[in-house]
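Take a look at this one chain, the form predicted alone, written out in structure tokens.
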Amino acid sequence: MVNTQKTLLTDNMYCLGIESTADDFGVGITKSNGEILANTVESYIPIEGGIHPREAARHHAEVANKTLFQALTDAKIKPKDLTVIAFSMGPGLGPCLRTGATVARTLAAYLQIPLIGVNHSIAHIEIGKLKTGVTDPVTLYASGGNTMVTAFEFKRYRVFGETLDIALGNCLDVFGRQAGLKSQKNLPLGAAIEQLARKGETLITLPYVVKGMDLSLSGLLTAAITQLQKGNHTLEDTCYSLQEHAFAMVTEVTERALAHTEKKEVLLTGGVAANKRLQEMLRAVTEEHDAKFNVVPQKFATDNGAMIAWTGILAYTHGIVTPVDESYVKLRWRVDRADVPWIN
């Protein structure tokens, strides 16, 4: 990746962003003034179990042309109008990332325009900042594949706390499948658990594991599944207890980071951001520190191409381009290893 340290200023740039880190293949188109012109997503839904990376990658390849065409149609522009192509370079599932990268390289080469590799986690933060107006938040990024608390310090997004094992969204999904819950259109397993949890009345004692600024969710998940299998408690009480313990853990870590950094904004982003109970808990601790709580709009919470396109604009207008021979995907690309020259 090359950073020329130049700042390009124009409101007429168009970036097409491709998101393909996991089960979603998304294409977004964003102008350099922050206007999102298109945000189209096609999701791979496994017949049973979790994501099968190779099958998801096959799905992405099959829907790529349709999704690209729909995004360009929604944006009302032609391919020749595009200024730059961005793609999710990592972190994520290898086969899925490589499919998106191949599509992006092909487009950039055909159109003879620059290519930008984007850090997926940073894109979640940047779309949240764009859509809420926050400038310097402590961010809880909670999704199916990632759970971390970050904030900008010393020229990088720094990780102040993270999961030591599984991500929050994955924890909820695995429990949901074990409980026999089904994903429905526009209602993922986490949302089904949230609905059941609202009816829970008894808090079951489950593991609560926060180690310094990090947390562990695998023991909590195992214990919740065990309680479910024993049948001593209702499904509603088990969902309620799982949520309360998991959300209290990530809220504690977020509050510690807020106290340490003394920042005045908190941002919740990622797929789990839609959960109202998690929002409620974070809002409470944020207000105790005289800070402002913000949550990314739901349609930008899950993986999407618009966030890749917007972060691509930020990178490109501040001199970052990715040569094709350096555009290999990075399955474990941490946020604190990515340059963010657009932040002073």
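For every residue, the number given is its place in the sequence shown, counted from 1. Source: prediction; values computed, not measured.
The form predicted in complex with a small molecule exists for this protein as well; it is not shown, and the discussion that follows is about that form.
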Is residue 274 close to the small molecule in the predicted bound form, meaning a heavy atom pair under 4.5 Å apart or at it? yes
Determine whether any heavy atom of residue 141 comes within 4.5 Å of a heavy atom of the small molecule in the predicted bound form, and answer yes or no. yes
Counting only non-hydrogen atoms and a 4.5 angstroms cut-off, does residue 191 reach the small molecule in the predicted bound form? yes
If you check in the predicted bound form, is residue 173 within 4.5 Å of the small molecule, heavy atoms only? yes
The small molecule isn't shown here, but in the predicted bound form, which of 232-240, 191-199, 216-224, 260-268 has heavy atoms within 4.5 Å of it? 191-199
Are all three residues 83, 114 and 319 in contact with the small molecule in the predicted bound form, where contact means a non-hydrogen atom within 4.5 Å? no
Pick from 56, 314, 29, 301: which residue has any heavy atom within 4.5 angstroms of the small molecule in the predicted bound form? 301
